[in-house]
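Given as structure tokens, the chain that follows is alone and in the form predicted alone.
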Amino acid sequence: MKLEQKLFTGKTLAILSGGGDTPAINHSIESIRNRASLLGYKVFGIRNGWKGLLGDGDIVDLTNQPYDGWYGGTALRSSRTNPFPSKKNPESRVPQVLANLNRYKIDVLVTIGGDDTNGAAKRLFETEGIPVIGFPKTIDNDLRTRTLHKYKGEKIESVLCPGFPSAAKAIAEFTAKIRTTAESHSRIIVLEVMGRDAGWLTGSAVFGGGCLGLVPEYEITKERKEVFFERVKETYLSSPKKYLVIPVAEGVRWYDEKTGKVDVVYASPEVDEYGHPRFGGISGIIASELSAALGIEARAQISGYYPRSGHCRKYDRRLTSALADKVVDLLLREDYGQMPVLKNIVPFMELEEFNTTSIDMGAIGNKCLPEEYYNIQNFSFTETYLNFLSNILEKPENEDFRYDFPVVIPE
């Protein structure tokens, strides 16, 4: 029977993005908007994450509007607002959220975010019956998507989130560029990479020529620090041009000689509404201690927001499109409280809806770097991790100054 109108004509779907930005959020918004529009939904954008559903609301109409999904970040803006009570804000703002969902006649809510943003959405679904669909995003790649990585007969529970491929590409390129400075001065450069609790992004520096690496999953005790220093010295002295770029995650737990404790380095004592402090500065401490212990010049470089920034790369564009196709399936079946994810780690051409599935938003949580991906004894990323990464990234061309000048010996 021929339908007189689109299936969901008269209904409204709203999209919000919360937490840290990634290069893939705008493309996620565009992809979800386009598919929801085809189903007949009017599509609204909620600005500034959950904050846009407080007070009188901050809502824009995305229906039939041009949208640049290649542009990085999120045009809907973002915040770390938590609608539920927290230590920083004990007041529940759920009534304001519910009032605005009703006021703007929003029938379905799609939340683009990590564990915090989508966790709040799941609570609204469970406690208030709000129809929600979560959409993954994080450059840290630590959102548990239950994606399988098949390698040499093994099945490894891995992760792949929109935003990570673009950020990983940026870190690989950043590392490849900074090598020339390290080489020019025969230095060790300690490259600090975002990663509060997981070393997924840190490992991508290996594709740009990074060597060794420290991740939050394995703390650096007093004993392990001594072993690490020796490993760095051996690697540096055996390198033909006497330089190293060592990537370290911002969340590395490092032994402090003064306090006798192993802890992270805080850039600020303040916490956000989800209780997260701001990390930063570990690279400077490690570089300073390496110089003192080894007598080799070492410098720190913080990549900071660089991997978050810039255009959405091609792998991310195809990944977000495949996951948005899965959103259509969830909308058609009215299967709420779910998040679309990739089933298997696959190369670019296999990023299709048939390689996706969905998981219950209550089972998301966080997923650290699997032990198969990191060699704790050698402080290095494994062949298995490099295989995981090779599905996502093209290895950058690491240019090398190949000529070796003859040494002049005086007569």
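Don't overthink the numbering: it's just position in the shown sequence, from 1. Please read these numbers as outputs of a predicted model, since none were measured by experiment.
Separately, the form predicted together with a small molecule exists; it is not shown, and the next lines address it.
Asker: Which of 168 to 176, 84 to 92, 304 to 312, 320 to 328 has heavy atoms within 4.5 Å of the small molecule in the predicted bound form?
Answerer: Result for this chain: 304 to 312.
Asker: Find the only residue in I133, I188, L214, I139 having a heavy atom within 4.5 Å of the small molecule in the predicted bound form.
Answerer: Contact check passes for I139.
Asker: Please tell me which of V206, A182, M194, L160 lies within 4.5 Å of the small molecule in the predicted bound form, judged by heavy atoms.
Answerer: When the small molecule is considered in the predicted bound form, the option within 4.5 Å is M194.
Asker: Please check if R278 has a heavy atom lying within 4.5 Å of any heavy atom of the small molecule in the predicted bound form.
Answerer: R278: yes, in contact with the small molecule in the predicted bound form.
Asker: Examine D115 and determine whether its closest non-hydrogen atom to the small molecule in the predicted bound form is within 4.5 angstroms.
Answerer: Although the small molecule is absent here, D115 would stay clear of it in the predicted bound form, with no heavy atoms inside 4.5 Å.
Asker: Would R144 count as a contact of the small molecule in the predicted bound form, using a 4.5 angstroms cut-off between non-hydrogen atoms?
Answerer: No, R144 sits far enough from the small molecule in the predicted bound form that none of its heavy atoms falls within 4.5 Å.
Asker: Given that the partner is absent here, does R80 sit within 4.5 Å of the small molecule in the predicted bound form, heavy atoms only?
Answerer: Heavy-atom contact with the small molecule at 4.5 Å: present for R80.
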